[in-house]
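Here's a solo chain for you in structure tokens, the form predicted alone.
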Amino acid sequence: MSPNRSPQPLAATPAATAVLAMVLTEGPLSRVDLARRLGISSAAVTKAARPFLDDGYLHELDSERTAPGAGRPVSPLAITPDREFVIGVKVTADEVIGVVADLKARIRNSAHRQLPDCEPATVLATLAALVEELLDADPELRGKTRRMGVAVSGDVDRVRGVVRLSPLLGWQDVDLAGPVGDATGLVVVVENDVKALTVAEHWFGDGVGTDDFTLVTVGAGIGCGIVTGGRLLSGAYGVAGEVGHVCVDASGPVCHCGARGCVEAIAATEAIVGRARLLTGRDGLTFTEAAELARSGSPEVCALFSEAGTAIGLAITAVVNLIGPERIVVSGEGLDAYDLFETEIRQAYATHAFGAAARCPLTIRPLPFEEWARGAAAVGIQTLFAPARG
């Protein structure tokens, strides 16, 4: 396996991984705080942190006393954000969106490139050109960028860097990490786009500090990323979290997967648009136009969005009842029409969430595609600091 397909983390031991990850996501933290929260000795924290201090990934802040009259001052450990940069790219059906992020996943530069088609060779060439554009913007970035995350919709084998199936792109068994790494000279990790966004939210967003966190996305598909016990859930076959293919109506419309009544067949943007076109007889109707028809009072189109909201609410409830997350974030481009199905989402959730599970708050966060690219960068950062999951 080539180096571009097997990124090696900086941390060589579980203690080093834990220390580095906690400082990255929740720091600055003192050695005493790290020892207490991780359940290890202060000496173990010092030993784990020393190589990262020597390499410049961590630094000590000025000494401070934890309280008046307390013992000797402590020097909290903090990440050095500009020690290294990571590229993140989100691939859609018609464009690639790229960002350069520092080690706190703060975006330093971004760029877009249109895709004339979704052929793997076209996407590869576009990705390579996009990377050059991003790195040419600042000489500092080129000298400090070694890793890249790529986020793609569908079934992704992250370990092998292969897109097993992406209906949106029309791909099956496409080796992406190897060719992209060869074309760019970067260490490349490929991840499902919803899982990548979940990593970003868990490490750097609303999920910071939680061991159990869920992200649901509403748009071209209905996706879900699940963190349980502090780890992103992949499952035995890498497709954990596919709530878009939970059946909520056994007699409902046929899904693109071949099953009937899936959440995606009712609530994905194309599903809503397709049914709205049949109802109105307008073959060129767009999602935005369908939403405007609903807002202007069209009862048939309003009903489509209501059905979508109920389906999404049931999908969210299924996740909450099964996994029991502490927090759940709902995002995605479909939230442009959130006002049309918010009531139904919350009603379905309130009705079907079991017992204390209903206490899990729903946070609504519309995120632009740059944030999805940032998610890809977050996956790259994750591989830098923690072992890749199998």
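Source: prediction; values computed, not measured. Between two forms, the rigid core is the largest collection of C-alphas that superpose within 1.5 Å. In this text, residue numbers run from 1 along the sequence as written.
Beyond the structure shown, there is the form predicted in complex with another copy of the chain, which is absent from this document and is the topic of what follows.
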Quiz prompt | Heavy atom within 4.5 Å of another copy of the chain in the predicted bound form - residue from Thr228, Ser110, Ser298, Thr80 | solution = Thr228
Quiz item: Only one of Leu322, Ala43, Leu61, Ile364 has a non-hydrogen atom within 4.5 angstroms of another copy of the chain in the predicted bound form; which is it?
Solution: Leu322
Quiz item: In terms of non-hydrogen atoms within 4.5 angstroms, which of the given stretches 182-190, 247-255, 122-130, 279-287 touches another copy of the chain in the predicted bound form?
Solution: 247-255
Exercise. Would you check, heavy atoms only and a 4.5 Å threshold, whether Val239 touches another copy of the chain in the predicted bound form?
Key: yes
Exercise. Using a 4.5 Å heavy atom cut-off, state whether Lys144 contacts another copy of the chain in the predicted bound form.
Key: no
Quiz item: Taking heavy atoms only, is Gly235 within 4.5 angstroms of another copy of the chain in the predicted bound form?
Solution: yes
Exercise. Verify the contact flag for Ala357: yes if a non-hydrogen atom of it lies within 4.5 Å of a non-hydrogen atom of another copy of the chain in the predicted bound form, no if not.
Key: yes
Exercise. Verify the flagged residues Thr25, Glu95 and Arg158 against another copy of the chain in the predicted bound form: is each one within 4.5 Å by a non-hydrogen atom?
Key: no
Quiz item: Fitting the rigid core first, would the Cα of Ile79 be found 2 Å or more away between this form and the one not shown?
Solution: no
Quiz prompt | Threshold 2 Å Cα movement between this form and the one not shown for Arg260, core superposed | solution = yes
Quiz item: By the 2 angstroms cut-off, has the C-alpha of Ile364 moved between this form and the one not shown once the rigid core is superposed?
Solution: no
